[in-house]
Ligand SMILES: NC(=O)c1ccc[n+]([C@@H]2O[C@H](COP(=O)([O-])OP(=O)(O)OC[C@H]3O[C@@H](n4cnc5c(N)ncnc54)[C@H](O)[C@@H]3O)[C@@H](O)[C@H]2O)c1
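Let's start with one chain on its own, the form predicted alone, as structure tokens.
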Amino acid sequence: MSGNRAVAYQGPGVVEVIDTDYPAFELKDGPGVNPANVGRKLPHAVILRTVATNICGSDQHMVRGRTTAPQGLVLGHEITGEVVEAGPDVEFVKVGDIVSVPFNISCGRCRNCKEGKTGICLNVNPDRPGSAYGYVDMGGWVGGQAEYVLVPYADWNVLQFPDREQALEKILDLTMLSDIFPTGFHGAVTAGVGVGSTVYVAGAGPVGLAAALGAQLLGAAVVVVGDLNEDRLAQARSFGCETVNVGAGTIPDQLEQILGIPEVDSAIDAVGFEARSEGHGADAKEAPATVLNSLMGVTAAGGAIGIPGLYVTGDPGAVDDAAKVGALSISLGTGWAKSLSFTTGQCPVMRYNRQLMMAILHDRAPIAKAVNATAIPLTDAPRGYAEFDAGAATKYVLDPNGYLAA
């Protein structure tokens, strides 16, 4: 093999499909690659022919120019693929396997990995704990919005699907196992959702919808999803959620109309640092702490808030100098007074992906329908990014090699 095509960030608002190198069993220099990782040998890796790779809201933060991502960075951390080559140290993953790849890159050897904290592996990113494919400040592992991608520590990282034919039949659901379904589910788990819970999910994008479906799987009595985008709220209602338009009145008042009381047992922030104030159009100004503060207000005393929404330490487009370094005006006193608990950070995908795979394979978790998964060719990636950024109630799934079209 000698060729490859991939989606690359080329500056604020610009993505392009480029010709790039076929993966090698060594981490080469390139956009975003940490110098300490250059030349790293990868005999434990596999090379995948990509079956499906998704556009994520986290990618959009980079494409909007809201991070320090370098020009030329190959994007994509939601990867499902077929193994076409295996390194000499790979023992259990075989050529021909269809696999899901957790977006967290982890070694399986460090203390954190052994404790199940795969989102903060200590060995794959020289800058800080935790890594991901095709993402800024994550060590420089090449992204998977491409025809071919390399996956390190393959015996540890990949989730093998038990039956090829069944996997390809349910691929639009199974491709969500790489990130958004476990991430949303993690938000629900860390928010303490259980049988009979009332839950408020801030944000009706794909992660918010995945969190809502996850809360239903966990036995929630009522799941309420809030957003400004009516099309996305309609998507939430399509699988049994209640909804509030946060620009049409206060959240507590709308919750009281639904639940009889202005608070919930559990809350989930699926928005992150580009949050906007309650209001429509020009009135909806960016206010990065507004979701966190509103959730503290509507979560019952002793409750919990899961925070799968992304927050960063470097945001050149932030509204003020504090937010540019991730410092937000959070009402911690409210949280303290109500004895609330908070969980932040990358979802440790491997904690959940096999269980969620089984739920999908046995028709218990229609995640593709919940997030309105829509397959498009790799060449249409720029259109997918633009429409998603404009608020489309769609989860775009790229099809680099024609598996989905077939």
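Small disclaimer: the values here were computed from a predicted structure and weren't measured. Residues carry their position along the shown sequence, with the first being 1.
Unshown form predicted in complex with the ligand; subsequent notes refer to it.
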Indicate whether Cys347 is a 4.5 Å heavy atom neighbour of the ligand in the model of the complex. yes
Tell me, yes or no, whether Asn123 is in contact with the ligand in the model of the complex, where a contact means a heavy atom of each within 4.5 Å. no
Evaluate Gly32 for contact with the ligand in the model of the complex, applying a 4.5 angstroms cut-off between non-hydrogen atoms, and reply yes or no. no
Quick check on Tyr385: any heavy atom within 4.5 Å of the ligand in the model of the complex? no
The ligand isn't shown here, but in the model of the complex which of Ala323, Leu228, Leu217, Leu159 has a heavy atom within 4.5 Å of it? Leu228
Could you work out which of Val246, Leu73, Ala132, Ala154 is the residue within 4.5 angstroms of the ligand in the model of the complex, going by heavy atoms? Val246
Kindly confirm or deny that Thr20, Ala52 and Gly144 each have some heavy atom within 4.5 angstroms of the ligand in the model of the complex. no
Of these, 252-260, 177-185, 145-153, 81-89, which stretch puts a heavy atom within 4.5 angstroms of the ligand in the model of the complex? 177-185
Does anything in 321-343 come within 4.5 Å of the ligand in the model of the complex by heavy atoms, and if so which residues, in order? none
